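The chain below stands alone, shown as structure tokens; this is the form predicted on its own.
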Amino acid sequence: MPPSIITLTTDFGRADTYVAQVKGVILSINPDAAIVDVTHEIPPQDIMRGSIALGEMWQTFPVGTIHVAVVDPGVGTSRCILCAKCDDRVFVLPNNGLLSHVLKAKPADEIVELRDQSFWRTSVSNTFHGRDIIAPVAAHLSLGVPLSKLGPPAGDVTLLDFQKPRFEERQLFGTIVSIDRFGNLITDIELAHLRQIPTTEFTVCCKQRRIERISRTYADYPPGTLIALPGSQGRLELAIVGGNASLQLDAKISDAVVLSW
């Protein structure tokens, strides 16, 4: 059998030893685990951004992958930690909304609360459940421990209250939900929304800037041009050819994007 894949998505950054500690715990239990760093640059305590990151990448990994996510401003409180199975992938993460975009795509087959402490580290810090609970549980899962051994079925699963794009008369209202390192503005407007527009002639407006047509690639227009195009995540993106749309438009997450026809 190939080594079990465990992905890590956190807000830990790279300046401290937190990521290394999590990896050390996993490898101490399963030295053959294949650990994949998705990102450790989620903005601190930004659960929405963590949920979006999970939603973007989890289905690109093979079945059997274990996805660990730690963006946990409530660490040490009464919030529980979940283990969920969804489309033959497993998620270990706090019950704080991180699972929202995964469940938006696919319902869970099974969700349990982590209660059996025999799968945790002996000493558990109130400030580092990612190392002391989530990491060892993920490692045990990679060795074949079933979800049912970890704890009882979960009660209420916390879901983020994110707005969905909405249609009004001859307009579609969306928002920027992510900004990548190139400064591209990724919206929550999906291809399915675009297909509902009864014409191909519409304008896209963001931060009082207008775009008159949808591009096919980033290179369809000269450098410096503001464009809109369907991105790799299946959502409408705004970009500056050869530039940084976020900086040039002074745009940020939650800013409005409006399509009119």
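All figures in this text were calculated on a predicted structure; none of them were measured in a lab. Sequential numbering from 1, following the sequence displayed.
The next section is about a form of this same protein that is not shown, the form predicted in complex with a further copy of the same chain.
Enquirer: Can you work out whether Met57 and a further copy of the same chain are in contact in the model of the complex, taking contact to mean some heavy atom pair no more than 4.5 Å apart?
Expert: Met57: yes, in contact with a further copy of the same chain in the model of the complex.
Enquirer: Under a 4.5 Å heavy atom criterion, is Gln248 part of the interface with a further copy of the same chain in the model of the complex?
Expert: No, Gln248 stays farther than 4.5 Å from a further copy of the same chain in the model of the complex.
Enquirer: Does any part of Val25 reach within 4.5 Å of a further copy of the same chain in the model of the complex? Heavy atoms only, please.
Expert: Val25: yes, in contact with a further copy of the same chain in the model of the complex.
Enquirer: Is the gap between Asp180 and a further copy of the same chain in the model of the complex 4.5 Å or less for some heavy atom pair?
Expert: Result yes; Asp180 sits at the interface with a further copy of the same chain in the model of the complex.
Enquirer: Work out which of Leu160, Ala154, Val75, Leu172 lies within 4.5 Å of a further copy of the same chain in the model of the complex, going by heavy atoms.
Expert: Here the answer is residue option Val75.
Enquirer: Of the options Gln208, Gln196, Thr217, Thr200, which one has a non-hydrogen atom that comes within 4.5 Å of a further copy of the same chain in the model of the complex?
Expert: By the 4.5 Å criterion, the partner-contacting residue is Thr217.
Enquirer: Kindly indicate whether Gly64, Val204 and Thr225 are, all three, within 4.5 angstroms of a further copy of the same chain in the model of the complex, using heavy atoms.
Expert: Checked in the model of the complex: no contact with a further copy of the same chain for any of the three.
Enquirer: Of 9-38, which residues get within 4.5 Å of a further copy of the same chain in the model of the complex if you count heavy atoms?
Expert: Asp11, Phe12, Gly13, Arg14, Ala15, Asp16, Thr17, Tyr18, Ala20, Gln21, Lys23, Gly24, Val25, Leu27, Ser28, Pro31, Asp32, Val36, Asp37, Val38, in sequence order.
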